[in-house]
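A single chain, nothing else alongside it, follows as structure tokens in the form predicted on its own.
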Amino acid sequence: MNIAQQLVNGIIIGHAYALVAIGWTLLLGAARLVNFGHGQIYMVSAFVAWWIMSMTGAPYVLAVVVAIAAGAVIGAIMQRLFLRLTLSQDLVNLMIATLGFGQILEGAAGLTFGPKPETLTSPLQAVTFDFGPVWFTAQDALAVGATILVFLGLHVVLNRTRFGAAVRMVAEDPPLVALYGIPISRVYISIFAFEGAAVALAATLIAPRTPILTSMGFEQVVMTFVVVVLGGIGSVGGSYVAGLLLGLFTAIFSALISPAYTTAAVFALLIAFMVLRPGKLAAGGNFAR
């Protein structure tokens, strides 16, 4: 086994995990909510980018921008539809509603794009960098770089802007914030829109590495859940570290044992962490760090 190559693969996969999870992390940290339609937004965004390129001949960059906009719109629409449940903190019904919305998205995607797998073509996927026994593509480098920039950008927004201060205040005490005249509904809608845009960006950067299927959303939700829990529920910095470590773990485990058992190994790791370190699961108001 080429250890150096597996470490590089793990770093690439880990940043992909972190980028997919960042929107859900912010949602949990700021709104204490879970969106079970997260994976389906990922899937739809990948298909939107593919459709834009295949049907209109648009370049990859434009397809990425359109997919991000579509993801943001879907996220905002979801929150607008379920705003009453959000404001009342009816978490059980909200989780069921987002799960149902995700299934509607999956069914609509199946009817629109068909059941067969598609491929999102990026010109960067064909550009490779070789350093002895280690290699990676320009698409991989873009995914890693974009993930780092998104995390740094979110950190700056949360800690150095008025909107970030409003988000942190809503995370602490929404009713009290409402008394100060801050429009909580707009904050929630903005958070959902960011979640949709972030997961759409992840989809367009990762999809050139894998086939696009209407059923691919479930796997994304599973890995997102693991990253969010391991990183500390709601912790932005924790989700980055957890995504990176999880990527390294899956790459090395797949090379040493078998890719077929990777998901089971990930859940075994998650269960062990929850049993041994239960006090590390909740980040609470520290989500901005």
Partner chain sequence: MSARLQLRDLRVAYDRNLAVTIDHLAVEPGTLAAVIGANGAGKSTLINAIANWSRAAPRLSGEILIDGEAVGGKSADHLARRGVVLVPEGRGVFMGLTVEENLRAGLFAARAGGRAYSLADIYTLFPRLRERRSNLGGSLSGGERQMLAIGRALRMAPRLLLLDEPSIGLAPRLVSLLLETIRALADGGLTVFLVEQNVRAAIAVADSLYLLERGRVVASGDVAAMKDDPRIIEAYLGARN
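Residue numbers count along the first chain shown, from 1. Computed from a predicted structure; not experimentally measured.
Below: the form predicted in complex with its partner chain, not depicted.
L179 belongs to the set of residues with a heavy atom inside 4.5 Å of its partner chain in the predicted complex. Taking non-hydrogen atoms only, D173 approaches its partner chain to within 4.5 angstroms in the predicted complex. In the predicted complex, its partner chain sits within 4.5 Å of a heavy atom of R162. Interface membership of M169, defined by any non-hydrogen atom within 4.5 Å of its partner chain in the predicted complex, is confirmed. Just one of P115, P183, P133, P123 comes within 4.5 Å of its partner chain in the predicted complex, counting any heavy atom, and that one is P183. The stretch from 96-104, 210-218, 73-81, 154-162 that comes within 4.5 Å of its partner chain in the predicted complex, counting heavy atoms only, is 154-162.
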